[in-house]
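For reference, the chain that follows is the form predicted alone, supplied as structure tokens.
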């Protein structure tokens, strides 16, 4: 029996047992599914930096949808349909966030270099940075003003690249809110 068919049979049995309350079968299933989902996502996206997040979201979706599994039907199509949809959702959200971050960065750059035609963009960048949390201020100073890559900024700040990306995103969002308040306040 080929490995794929063995996986199908084993996973199907474990899911059926898990849905009947067998915690050990569920743990074994999720452990193997984690490896299978990671291999699948890696084969589709390559060694992306967000691979682990995508795998985790897929496994959470499998967990939430486990009651929908019908033991009379094949397991693999059910599983990989969920994984494929979650991967697409993840990539869409990631693309949306990247677009939002780019827009926020443009706004912040207009503040840092008020050479644009909009006179309301002449807010002092230093004053704006001073109003941010220390981690956020450092993230923007390193990446947007200092020109460091996320990896370089993370190394300088002593955090992971993922944490630096989060800090930059939050800093840009906070700066945007501060700018919006400045625009609405007389």
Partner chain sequence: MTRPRDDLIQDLAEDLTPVRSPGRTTGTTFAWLTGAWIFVGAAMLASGSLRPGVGEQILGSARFLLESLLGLAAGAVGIAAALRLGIPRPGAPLGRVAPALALLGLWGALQVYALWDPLLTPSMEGKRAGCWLQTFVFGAPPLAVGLWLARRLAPFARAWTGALLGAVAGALPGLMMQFACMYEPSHNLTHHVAPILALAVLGALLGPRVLRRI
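For clarity, a rigid core is taken as the largest C-alpha set superposing within 1.5 Å between two forms. As the structure is a prediction and not an experimental result, all values here were calculated from the model. Numbering follows the first chain given and starts at 1.
What follows is about the form predicted together with its partner chain, which we do not show.
K.L.:
Evaluate residue 155 for contact with its partner chain in the predicted complex, applying a 4.5 angstroms cut-off between non-hydrogen atoms, and reply yes or no.
P.N.:
Because no heavy atom of residue 155 falls inside 4.5 Å of its partner chain in the predicted complex, the answer is no.
K.L.:
Flag residue 52 as yes or no: does it have a non-hydrogen atom within 4.5 angstroms of any non-hydrogen atom of its partner chain in the predicted complex?
P.N.:
Output for residue 52 is yes: heavy atoms within 4.5 Å of its partner chain.
K.L.:
Contact between residue 45 and its partner chain in the predicted complex at 4.5 Å, heavy atoms?
P.N.:
So residue 45 does not count as contacting its partner chain.
K.L.:
In the predicted complex, is there a heavy atom of its partner chain that lies within 4.5 Å of any heavy atom of residue 38, even though the partner is absent here?
P.N.:
Close contact exists here: in the predicted complex, residue 38 approaches its partner chain to within 4.5 Å, heavy atoms only.
K.L.:
Within 4.5 Å of its partner chain in the predicted complex, do we find a heavy atom from each of 23, 65 and 86?
P.N.:
Yes, each of 23, 65 and 86 comes within 4.5 Å of its partner chain in the predicted complex.
K.L.:
Output the sequence-ordered list of residues from 58-92 with at least one heavy atom within 4.5 Å of its partner chain in the predicted complex.
P.N.:
Heavy-atom contacts within 4.5 Å come from 59, 60, 61, 63, 64, 65, 66, 67, 68, 69, 70, 71, 72, 73, 77, 78, 81, 82, 85, 86, 89, 92.
K.L.:
State yes or no: after fitting on the rigid core, is the Cα displacement of residue 173 between the shown form and the other one at least 2 Å?
P.N.:
Indeed, residue 173 is displaced by 2 Å or more.
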